[in-house]
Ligand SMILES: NC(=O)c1ccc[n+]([C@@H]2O[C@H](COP(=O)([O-])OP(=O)(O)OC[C@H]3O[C@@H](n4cnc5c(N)ncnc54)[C@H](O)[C@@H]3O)[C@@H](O)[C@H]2O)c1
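Here we start with a single chain on its own, the form predicted on its own, put down as structure tokens.
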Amino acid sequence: MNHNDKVVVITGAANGIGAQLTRKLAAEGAKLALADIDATNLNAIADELAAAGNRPLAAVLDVSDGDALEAFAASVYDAYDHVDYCFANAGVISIGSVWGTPKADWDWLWQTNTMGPVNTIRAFIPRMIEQPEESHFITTASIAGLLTVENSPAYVASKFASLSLTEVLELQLQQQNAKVRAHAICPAIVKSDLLNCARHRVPGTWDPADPYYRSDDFRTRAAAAAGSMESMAMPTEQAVDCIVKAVDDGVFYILTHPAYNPAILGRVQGIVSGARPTLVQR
């Protein structure tokens, strides 16, 4: 599909998948509205695009803030009148055991990874439904919304929630006969600085000196996550090329890492047979 002059909204636009989506679609002539909590990187990307002749609308915000997203949506429609693609992409991760992970981490991931898409839906979908043009709402879920991985329980739970949220969204859009199509991105590990996302946490909402972060359990799990990022991560450009093509092809479940498809099928078979969960083979 030709993305020239298409209006594209991207949350989490300053890093990782969001940043690469921004650069790819800007190069293809899209009109961009970008949001991120990371003011430094967001402003740097906006300046980079402006220097190349593409001046995006950029807003520093936290997707857990529904009022901020509503104001952002209003500014996007004031500037562009419509939205062709809305990527609810912002996300964070934490590492730990179910019982050891501090409650503040659970709250942070739930508010960002689950309520972030909810807030984005609430801000944009009613406006998109009213448009005469076909449009697309895309949630960045995760392969961790399809497979249970063992070192990041809050992340897995929040991504299962964001995936099922997007499934329900698609069903309700169908009921409305809306010209909006929902999509769920389910990538495995993509090269990014996701494991450094704690730098964006609001001081006072968590305790970086919590004893759990010094425990052997945390250190072991964190080392495993870092090792996977180092050795197994797909280049961001490759993942984003797959994502954009799949959206334009009308795919709902966007699986960027087909090597995991047997594990997904195995999970489904295990569910219907009543088997106990097993570790995903990487």
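Residues carry their position along the shown sequence, with the first being 1. Not measured: the values here are computed from a predicted model.
Below: the form predicted in complex with the ligand, not depicted.
- The ligand is not drawn, but in the predicted bound form it has a heavy atom within 4.5 Å of H200.
- Proximity of P153 to the ligand in the predicted bound form: non-hydrogen atoms within 4.5 Å are absent; the residue sits far from the partner.
- Interface membership of T120, defined by any non-hydrogen atom within 4.5 Å of the ligand in the predicted bound form, is ruled out.
- In the predicted bound form, at least one heavy atom of A90 sits within 4.5 Å of a heavy atom of the ligand.
- Contact check at 4.5 Å (heavy atoms) against the ligand in the predicted bound form: none of V7, A50 and D84 pass.
- Note that among 175 to 183, 70 to 78, 124 to 132, 138 to 146, the stretch whose heavy atoms approach the ligand to within 4.5 Å in the predicted bound form is 138 to 146.
- For the candidate set E28, D62, D241, D217, a heavy atom within 4.5 Å of the ligand in the predicted bound form is found for exactly one residue, namely D62.
- Heavy atoms closer than or equal to 4.5 Å to the ligand in the predicted bound form belong, across 34 to 59, to the residues D36, I37, D38, ordered by sequence position.
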